[in-house]
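A single chain comes next, written as structure tokens; it is the form predicted on its own.
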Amino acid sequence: MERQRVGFSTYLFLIPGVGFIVLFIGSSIFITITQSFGLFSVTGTSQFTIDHWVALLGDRESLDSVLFSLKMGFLSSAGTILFAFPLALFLRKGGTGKRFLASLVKIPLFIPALVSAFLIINLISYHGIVNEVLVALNLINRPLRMLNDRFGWGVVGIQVWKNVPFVLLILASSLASIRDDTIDAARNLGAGAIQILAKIFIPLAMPGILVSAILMFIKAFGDFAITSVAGPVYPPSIALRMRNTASLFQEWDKAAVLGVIIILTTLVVTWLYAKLAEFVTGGEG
């Protein structure tokens, strides 16, 4: 059968989407990269140099910010999937009560990240609702520091609460594609609930799990709103450090270096997730 040729007019329909990516996003990335080497400088003379890279790569504070953002990215990604996957399994079969619960869980999708952070602050602050209830019940002697803690558990908690509905949509679609007769056949052969989960649900939903992990890492690693409100005083996230470097210290070239680091780190982690997906699925597809 002869393959049908694609006419030039067909490619015109790609211009709104592809043109936007190439022109705006591509040009922004290009400017960021060139600024990190001293070109197209915002505040000074444009001259090619690697001094900004040398200064930041040798800076302990910058390294701490990168490591903190990596930690928040991986923990938020894993935590969100651990919460969303059981919920997606529970909601796999519809029903009146489950539909109401699914609608209730999706509420954080309509709340901006900064508003979400301030809402959670009222719950987990030093004299927030959670601490006051625990003290009133004599479960603890004094309030716990759950906000602006050094490790960043407050940031992880907010990220999980905010992004569980988003991940739930992806996982629910993956689980919905699993046929019921496959589950029934496994039960007829004597498989228990744990075996069905480990041998059927998780492997068949793995593409959705990996996609969710990638998207969650990208969101959490480059997050500014939540870490600026609930994150520790030190180290700041790489996004917050980038903002302070540019706006407070007016060192736009060094801020561009941080921007390139964010882009490169995201690309590397995405590549690793892709390789993991190939390994898990056996290179199919």
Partner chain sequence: MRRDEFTITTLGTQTRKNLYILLAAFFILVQLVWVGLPILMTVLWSLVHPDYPWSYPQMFPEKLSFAQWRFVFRYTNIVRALKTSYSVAPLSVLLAFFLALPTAYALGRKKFAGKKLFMTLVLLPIIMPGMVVALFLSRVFTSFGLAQSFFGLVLAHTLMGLPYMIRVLTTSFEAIPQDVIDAAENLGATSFSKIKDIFLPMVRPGLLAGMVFAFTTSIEEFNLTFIIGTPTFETVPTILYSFLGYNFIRTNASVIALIMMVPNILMLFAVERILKSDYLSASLGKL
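Treat the numbers as computed from the prediction; the structure is a model and nothing was measured. Residue numbers count along the first chain shown, from 1.
The same protein also exists as the form predicted together with the partner chain; that form is not shown, yet it is the one meant from here on.
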Leu144 versus the partner chain, in the model of the complex: is there a non-hydrogen atom within 4.5 Å?
no
So in the model of the complex, is the partner chain close enough to Tyr11 to count as touching (4.5 Å, heavy atoms)?
yes
Classify Phe83 as contacting or not contacting the partner chain in the model of the complex by the rule of any non-hydrogen atom within 4.5 angstroms, answering yes or no.
yes
Does any heavy atom of Val66 come within 4.5 Å of a heavy atom of the partner chain in the model of the complex?
no
Considering non-hydrogen atoms and a 4.5 Å limit, which listed residue (Ile200, Val105, Leu175, Met206) is close to the partner chain in the model of the complex?
Val105
Counting only heavy atoms and a 4.5 Å cut-off, does the partner chain in the model of the complex sit next to every one of Pro112, Val211 and Ile263?
yes
Hey, which residues along 226-265 are within 4.5 angstroms of the partner chain in the model of the complex, non-hydrogen atoms only?
Ser228, Val229, Ala239, Met242, Arg243, Ala246, Ser247, Trp252, Ala255, Ala256, Gly259, Ile262, Ile263
